[in-house]
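Given as structure tokens, the chain that follows is alone and in the form predicted on its own.
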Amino acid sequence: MTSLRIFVIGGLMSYRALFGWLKPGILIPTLVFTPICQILLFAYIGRSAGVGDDEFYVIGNALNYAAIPCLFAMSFTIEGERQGGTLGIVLTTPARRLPLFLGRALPVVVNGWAVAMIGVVGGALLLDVHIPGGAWPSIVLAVVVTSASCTGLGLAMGAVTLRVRQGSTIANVVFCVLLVFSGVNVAQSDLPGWMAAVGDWLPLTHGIQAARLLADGSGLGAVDGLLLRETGIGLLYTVAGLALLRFFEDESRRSASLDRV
């Protein structure tokens, strides 16, 4: 019961501390208007170049923008504790690390899912993209899986901020890597071989492919392999993030560098 309370209540408190100070006039444009603008930008570039169709860019860029809260918020929940001088207090508690950090990930997954769905729905309405009504439940599931996968990467990035300053810089670089290597605006089959190989090991790649197939009318059974791969990649980064957190925590105790910024 204690672990459950840490997982649910601790995660919500951490999320509120992360975003509670932001005014709606800042938060809403960042998480709502910006992804719509990115979708429109690349959709009209695609129209001018005669490459792809509007649906291709709506799905790709909407899911890509789930990475913003998933990467930044997840890494900042750890880096923010360090910069605020409260990380030591958090880590000296007897609370189990698994519910402590995974609980912080749950609201982030929901946030990433909401941003991506706003992008999909808003982009489809603005660009008059037709997505079959029966495909929406499966697309919702694909977005959840993709958001969770990105949050796993964000957890690994957060662990790195125990040793590296300016996690926002890392998050910006990783976001751009996902934009280029994950088939967001260029189909993975059209990327150079080495780039496609890198994309196979990144979040978003298989989730975007699955969502595009679903939007084209494919059933959930046709994309279950892609969603399983996306889930596996997310779990891989999550396990790596938890292992790095444990390693850097132990190293920080030995070197008295936990709060060094």
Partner chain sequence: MRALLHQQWTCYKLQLKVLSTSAFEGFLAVLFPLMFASAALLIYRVQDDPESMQYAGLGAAIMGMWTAQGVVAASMLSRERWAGTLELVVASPAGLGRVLVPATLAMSTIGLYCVVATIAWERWVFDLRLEISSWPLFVLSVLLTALTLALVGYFIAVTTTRYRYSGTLGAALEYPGWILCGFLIPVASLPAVLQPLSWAIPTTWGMAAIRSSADGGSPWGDLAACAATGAVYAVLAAWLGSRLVESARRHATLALT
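What you are looking at is a predicted structure, and each value in this text was computed from that prediction instead of being measured. Positions refer to the first chain, counted from 1.
Omitted from view is the form predicted in complex with the partner chain, to which the following refers.
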item	value
Contact flag, Leu40 vs the partner chain in the predicted bound form, heavy atom cut 4.5 Å	yes
Interface membership of Trp201, the partner chain in the predicted bound form, 4.5 Å heavy atom rule	no
is_contact(Leu179, the partner chain) in the predicted bound form, heavy atom dist at most 4.5 Å	yes
Proximity of Phe175 to the partner chain in the predicted bound form, heavy atoms at 4.5 Å	yes
Contact segment among 179 to 187, 150 to 158, 136 to 144, 106 to 114, judged by heavy atoms lying within 4.5 Å of the partner chain in the predicted bound form	179 to 187
The partner chain in the predicted bound form: contacted by all of Leu102, Ser218 and Gly221, heavy atom 4.5 Å	no
Option touching the partner chain, based on a heavy atom within 4.5 Å in the predicted bound form, out of Leu236, Ala197, Val32, Val51	Val51
